[in-house]
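Have a look below at one chain only, the form predicted alone, in structure tokens format.
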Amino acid sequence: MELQSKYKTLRDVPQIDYLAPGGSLCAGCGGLLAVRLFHKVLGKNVVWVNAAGCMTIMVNYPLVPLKSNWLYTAFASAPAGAQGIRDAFDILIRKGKIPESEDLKVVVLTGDGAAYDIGLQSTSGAIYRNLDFYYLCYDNQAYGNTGFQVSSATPVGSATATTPPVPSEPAGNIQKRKDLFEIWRAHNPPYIATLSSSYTVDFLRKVEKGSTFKGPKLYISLAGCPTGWGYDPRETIREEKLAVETGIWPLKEAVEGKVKHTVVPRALKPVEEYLATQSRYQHLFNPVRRKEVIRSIQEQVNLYWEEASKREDFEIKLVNT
């Protein structure tokens, strides 16, 4: 039976915040928006297990903006930290040392560097052990905290500190992104979803839905990054929405392995409407237009949606290439 969500319109977004305003993160940080929305659904009884990354800067003792709990871990070991916390609570409750009312939801919070690369081994182990936890990846598509170096989540064509456009590689990054959604799905967890703060109701519903399952739950949230992507910090929602409207960032979920797209654009906007707004892609337009790279990106987006529409039987108008 399908869950009847309490989040139907933007009016249903909880007014209470568990994250104080201000802080030391970059203005317009999409990762921070994701944490704020995630927290609104889960409530205050949360312990965040943070892998080293951008969000680490958010908590500088004694200036802690969270009205919840926080454990900082090394880059590779956040899922292992989550295992220890989850086991401790389960044992204490079973032995009657603490009441069930003092139980906490365990959430791993990580950037794409740890999620796709450095922490993938410990994450795989946690899923294999069927650890009951949430895994929130704020995906800004590079190692943002240390200078915006390439990660295996960096899209083709993006410039980073370690993949700048040069005469030998004028397109910038030439490696395709890993598909973290499918890597997790191969482990058979109960729930996986992609998120965007620009589609707030969809975001809240997915966190709510995932909370009904016991076991590992993955959320990959697109995290607009004004500093690394190169756009006005006021435009984070616009950037994330364009990523969805162009089909570059599909919003979908997998329940017990079955995939469903939760937001399907009626017609895709051309990818260049998204690429042209960010300085990390400006080398594709100036000093010369790199038509072959832009066309290749568009073709990959079209191919994705062609295959998805065959599996799920929806219609979508693609962009001519």
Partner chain sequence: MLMTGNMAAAWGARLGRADYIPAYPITPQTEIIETIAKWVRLGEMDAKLVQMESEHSMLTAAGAASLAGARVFTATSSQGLLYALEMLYNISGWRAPMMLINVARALAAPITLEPDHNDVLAARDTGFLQFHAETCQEVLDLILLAYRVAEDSSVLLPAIVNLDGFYLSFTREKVTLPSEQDVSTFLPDYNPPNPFRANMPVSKGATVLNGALYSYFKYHMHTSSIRALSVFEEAALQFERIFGRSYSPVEPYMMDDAEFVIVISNSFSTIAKQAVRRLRERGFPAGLLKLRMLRPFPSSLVARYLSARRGVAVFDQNISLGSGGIIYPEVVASLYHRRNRPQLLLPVIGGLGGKQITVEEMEKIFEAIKNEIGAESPDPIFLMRQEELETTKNMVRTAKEVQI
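Numbering follows the first chain given and starts at 1. Because the structure is a prediction, the values reported are computed rather than measured.
FYI, the form predicted in complex with the partner chain isn't displayed, but the following is about it.
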Report task. Answer for Lys214 alone: is it within 4.5 Å of the partner chain in the predicted bound form, judged on heavy atom distances? Result -> no
Report task. Please run the contact check for Arg177 against the partner chain in the predicted bound form: heavy atoms, 4.5 angstroms, yes or no? Result -> no
Query raised in the report: Heavy atom to heavy atom, is Ala74 within 4.5 Å of the partner chain in the predicted bound form?
Result: yes
Query raised in the report: Might Thr56 be said to contact the partner chain in the predicted bound form, defining contact as any heavy atom within 4.5 Å?
Result: yes
Query - Thr246, Thr277 and Phe285 all contacting the partner chain in the predicted bound form, non-hydrogen atom within 4.5 Å - result: no
Report summary line: in the predicted bound form, the residue from Val201, Leu104, Val156, Ala186 with a non-hydrogen atom within 4.5 Å of the partner chain is Leu104
Query raised in the report: Which of these stretches, 251-259, 60-68, 268-276, 287-295, has heavy atoms within 4.5 Å of the partner chain in the predicted bound form?
Result: 60-68
